[in-house]
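Next comes just one chain, in structure tokens: the form predicted on its own.
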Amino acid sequence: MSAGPAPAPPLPVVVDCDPGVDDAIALLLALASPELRVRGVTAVAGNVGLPEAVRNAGHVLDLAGVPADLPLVAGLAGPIARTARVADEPMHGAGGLGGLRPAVPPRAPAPGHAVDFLARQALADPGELTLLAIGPLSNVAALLVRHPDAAAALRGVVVMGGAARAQGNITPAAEYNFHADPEAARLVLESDLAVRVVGLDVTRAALFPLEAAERLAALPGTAGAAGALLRGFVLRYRARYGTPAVPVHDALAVAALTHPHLLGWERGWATVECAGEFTRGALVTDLRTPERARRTDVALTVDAAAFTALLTERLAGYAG
């Protein structure tokens, strides 16, 4: 009897993030996913400033029990063409992780710059590495400018950002990550990279409910800590919007890599508005005109129940 096809080898990824509660949950999900092999984590200013993003990423890696030799590298402290970072701390609570503090100082970052680290990783295995970019796209855009040969060696980029049809969450037109560095987002989307965009169209359709967070919070160890993060995230979201469930934006971008069938995709042309008085950071797509270059895949539908089940199961696995 045939044993059937061998499982595919884990997909090598680097996670570029700005933790942030949903980044923290996304990191935990990526590290718990046998479909992925996380080769490093890079930090960028976004939900919190760069020092806090590095600290929070280190805390999550420690919480997950990741060996100290997994590289954590700091990147850009602000947008590539603007002077100020757009703050987004309130939804994420004190320090960016809902007040969660490590018992000991988190691991120190590796020396060097995230953009150079990304270049080395891409060139080490041309055509193999996927970049999971779940913060502002400053580091990714800088990679395109400083190391175009390395950017061309990427297998692709999965981006959490934008809103193709939905209203924004930082302005009526724009999602936070794209609004925080619109020039970077535009450079990435207009590049020759294979880009998949996971935006508010799907993350707002896949809300993680309070009762699921409560069940996780009751578990021991890291699973309980993840549940506590999610519970606080839901409660802050409910206080602002009246909904006892929260979009875990960045975790859905991880699921787009591990379980792409959970999302419905359309391919088309995409860019980001940089100059509009009211539309800065808005994702602009043309998914209908056959004559336009079609190089960006945009997620427009999601199996919300399956995503919630996947996230719950894999976070619960940290309870041992």
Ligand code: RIB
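Note that residue numbering follows the sequence shown and begins at 1. Everything quoted here is computed from the prediction, not taken from an experiment.
Heads up, the form predicted together with the ligand isn't pictured, but that's what we're talking about next.
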- Message: Given that the ligand is not shown alongside this chain, does Asn169 nevertheless sit within 4.5 Å of it in the model of the complex, heavy atom to heavy atom?
- Response: yes
- Asn139: heavy atom within 4.5 Å of the ligand in the model of the complex? no
- Is Ile134 one of the residues lying within 4.5 Å of the ligand in the model of the complex, judged by heavy atom distances? yes
- Message: Within 4.5 Å, heavy atoms only: does Ala184 come near the ligand in the model of the complex?
- Response: no
- Task: Report the stretch among 276-284, 35-43, 52-60, 249-257 that approaches the ligand in the model of the complex to within 4.5 Å, counting heavy atoms only.
- Result: 249-257
- Sequence-ordered list of residues in 11-50 near the ligand in the model of the complex, where near means a heavy atom within 4.5 Å: Asp18, Asp22, Asp23, Asn47
